[in-house]
Structures are given as structure tokens and as C-alpha cells.
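Below you'll find only one chain, the form predicted on its own, shown as C-alpha cells.
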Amino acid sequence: MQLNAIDENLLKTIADLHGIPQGAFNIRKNGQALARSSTETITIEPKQDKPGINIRIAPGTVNQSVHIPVIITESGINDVVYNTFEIGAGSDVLIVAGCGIHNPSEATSQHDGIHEFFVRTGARIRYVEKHYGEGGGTGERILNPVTILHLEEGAYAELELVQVKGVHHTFRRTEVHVGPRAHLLMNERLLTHEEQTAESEIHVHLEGDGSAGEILSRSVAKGHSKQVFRAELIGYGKCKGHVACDSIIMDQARIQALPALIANSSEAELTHEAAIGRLAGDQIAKLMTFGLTEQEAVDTLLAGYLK
């Protein structure tokens, strides 16, 4: 497998990869499998009925990772994949996904990734998905991810969903079913600028006694960009859930934050908070006293906020 400089930069940005990873991985480029590797406990196989892969992690697998990044380096690509994850009982693994688009021309390049996870009893996953766009062409870069999780009893899932920059339009849908004594922690961070649009729709079903879910969103909207954040917590039985949305708005951008709570039991404990504001002038001024320009001070504050 040969990686050029553009490939390497995309993989570094979306998956922190420097060359080919160790262990289990699947690298997809321009709608085709570029390279794939399985291990004794993590198998990756192509689907037979539609584009995508099946990832099976054996019960009891711990301290291992799987990388499944997607890169697009051509204009006019419309790539759709369906990936299914079977996370065996008692396992504890890191899954690194993400998509990077380098669009050098006028046609639109788009990737829609539909990921469904079955996290079995007592299993734990950390799932990292980063999105990034670049390229000197005028063609748009569009990413529409779908993430569906089923957490069985005592399972734990930590999601880190990040939009770095350079994505013209995105619609992200996340749906999670949290079983008894299972726990979801979701961290979403995104940046929009120029005329970009980003919409996030989240539905978390707390379905078992002792289930818990926490949704934390941070975003920055610059230029004339628009963001819409919708998060819905639905509680059944004795459960706990919290939604927190915190956004910084700049220039002529627009942001909507719409958290919603639905309790179907008197024992459900659900809370939410949302805040939209601007950078504090005193913070910018303080950094400028250390020799930074105003723009450097703003960039430093935003980088720390979205970290």
C-alpha cells in the first residue's frame, strides 16, 4: 500500500496515524478498501450485501484498538458505507474512525458513514470519530455520519465526536439505547466558519434501571456559518441523564441549541443546560500582554475551548 503526502496528512489529522497502524485496521480511500488487517481477537470482513465492513471483537479482548479511517482525495465522490461492530462481553477496546476529504476541484465530494454498535454485557468502548476537510477546489466537502449504539447490561461507551474544520455541510445523527446499569458519555465538539452549516440530532434512550447518559457539546461558529444542536434524553424507569450545550458565537454566525427531556417514569432524573456567548474581552487582552496579536489570542482561546 502506497500513501502519498495528502493521504498521510489526512490520516494524521483524523486518526493520529503516522503511516500504517499496528493491529486491526481498515483504511478506505475514494470508495474502495485500500488496506485491511485482522488479529486473533479482532476480525474485519467486508459485507456481502452492501458497502461496508463487519468488525467483531471477541469476548474478553482488552487493551487493543482498531482503526477504520476513510479518506477521499478526488472530486465527485459520493461514498456510503455501512459498518457493524460486535463488541464481545467483557472486552475493553479503543475504536478510531473518522473521515478526511481533500477536494481539489469543482464537484462535490461526500461521505456518509452509518455505524451500528452492539456492545455486549459488561463491555467497554471508547469511540473516536474526527471529521476534516481541505483542498483548493471550489467543490463542497460534505459529511453525514450516523452512529447507532445498543448498550447491554453494565456496558460503557465513551464517544468523542469532533469536527475539526473545513466541512461545508454536515448532518450528524446519533441514537443510543442504554440498558440496565449501562452508561453513555458523549463528547461532541465542532467548528464552523464561512458559510458552513452543521446540524446535530441526538436521541438517547435510557431504557434500564440504573442506566445513565451524559451528553456534552462544545462548538464555535464563525463567519456566516449556522449550527443547530438537538439533543433528546428519554428516560424509562430509574435512570439519570444530563445534557450540556456550550457554544461560542462570532461574527455573523447563528446557533440554535434545543435540548429536550422526556421522562416516562417518576424515577427518571433528567437535567439540561445550554449557553451561547462570545469570547471574553479580558481573556483576549490578557494573552495580548504576553506578546500575542489579537488574532493569535483568539485562536489560542478557541483551540483550548475545543480541546
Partner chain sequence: MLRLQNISVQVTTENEPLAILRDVNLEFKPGCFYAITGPNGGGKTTVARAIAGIIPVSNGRILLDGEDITSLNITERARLGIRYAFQNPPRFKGIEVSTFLRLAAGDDTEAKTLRRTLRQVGLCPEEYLHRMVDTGLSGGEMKRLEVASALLGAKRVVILDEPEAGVDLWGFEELVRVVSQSHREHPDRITIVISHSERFITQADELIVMAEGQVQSQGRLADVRTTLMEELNCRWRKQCQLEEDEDAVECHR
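Computed from a prediction, not measured in an experiment: that's the story for all the values here. Positions refer to the first chain, counted from 1.
There is another form of this protein, the form predicted together with the partner chain, and it is not shown here; the text below is about that form.
Heavy atoms within 4.5 Å of the partner chain in the model of the complex map, among the stretches 50-58, 256-264, 276-284, 28-36, onto 276-284 alone.
Put simply, residue 288 is close to the partner chain in the model of the complex: some heavy atom of it is within 4.5 Å. By the criterion of a heavy atom within 4.5 Å, residue 173 is excluded from the residues contacting the partner chain in the model of the complex.
In the model of the complex, residue 293 approaches the partner chain with a heavy atom inside 4.5 Å.
Proximity of residue 246 to the partner chain in the model of the complex: non-hydrogen atoms within 4.5 Å are present. None of 193, 150, 218, 181 but one reaches within 4.5 angstroms of the partner chain in the model of the complex through a heavy atom, and that residue is 218.
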